[in-house]
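First, one chain by itself: the form predicted alone, in structure tokens.
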């Protein structure tokens, strides 16, 4: 193996409620941790008032306005153990209501983020149920503002069908138990362990690039199947993101998350959200299927855009 003229440095910025995303991030950088000439530092974001897991139902719903509008929370940021400069930054995040989780979006709006990310190549790592396109668009905007370069994106989604995860994911979020539930009728939620273990291959590619002393660019994960854009969700995510934005304004106008008015509004919104998921999402998917022969070129352009920079 080629010896580096200096020790390379990689920074992993992450926040995880359940621990799943942390497992993904650590699996990805595992090959780097065994290299004496690569230093891997972790910045685990900690809100001043942490978000609970499992979530109480009303508090979960009441988190969506701040998520959708990316209203920052206060963070405990201790960067004293970090290096002065990094060759690569890995940003690992969850998706909350079609947006990056509040701790991640909060961090990306801080002067610390602007300083750490300026001029740096960045790899984003996402673990979510199945929808991540709109969240990544928001993250890309933050990275552009911080003058960072997105060179790769790796996405891990739940290992069950969308219909199954419609039940398994809420049960996990609200009870803290991944399952299976109901005597196996509802499968276990979350990213499959085999996919988490397989994240190491991306770390190996990063390590190889560092050892060859090559610059990181958009070709980093090309041809590795780092992302898969489900065309059925493209329109649904756009509709959902607009809905969250509009409803979020109404929630925010009702005061703080713990206010009584927002609690009542959250109860009403639960019914609306379920109806939207079981009607608008499948209806949009059906319409796209019917129109597929006439929209192939447009869908191909959309998939190419959303899969950038890693490619499918």
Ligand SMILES: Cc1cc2nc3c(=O)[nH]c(=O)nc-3n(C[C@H](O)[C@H](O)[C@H](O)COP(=O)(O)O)c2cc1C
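Residue numbers count along the first chain shown, from 1. Remember, it's a predicted structure, so these values are computed and weren't measured experimentally.
What comes next is about the form predicted in complex with the ligand, which is not displayed.
Annotated contacts: 44, 89 and 125 are all free of the ligand in the predicted complex [non-hydrogen atom within 4.5 angstroms].
Screening 227, 108, 98, 199 for any heavy atom within 4.5 Å of the ligand in the predicted complex leaves a single hit, 98. Exactly one listed residue, out of 131, 148, 171, 164, brings a non-hydrogen atom to within 4.5 Å of the ligand in the predicted complex: 131. Contact annotation: residue 247 falls outside 4.5 Å of the ligand in the predicted complex, judged by heavy atom distances. For the chain shown alone, residue 60 is a contact residue for the ligand in the predicted complex, at least one non-hydrogen atom being within 4.5 angstroms. Remark: residue 21 counts among the residues lining the ligand in the predicted complex, judged by a heavy atom distance of 4.5 Å or less. In the predicted complex, the ligand sits within 4.5 Å of a heavy atom of residue 55. Heavy atoms within 4.5 Å of the ligand in the predicted complex are found in exactly one of 215-223, 75-83, 139-147, 172-180, that being 172-180.
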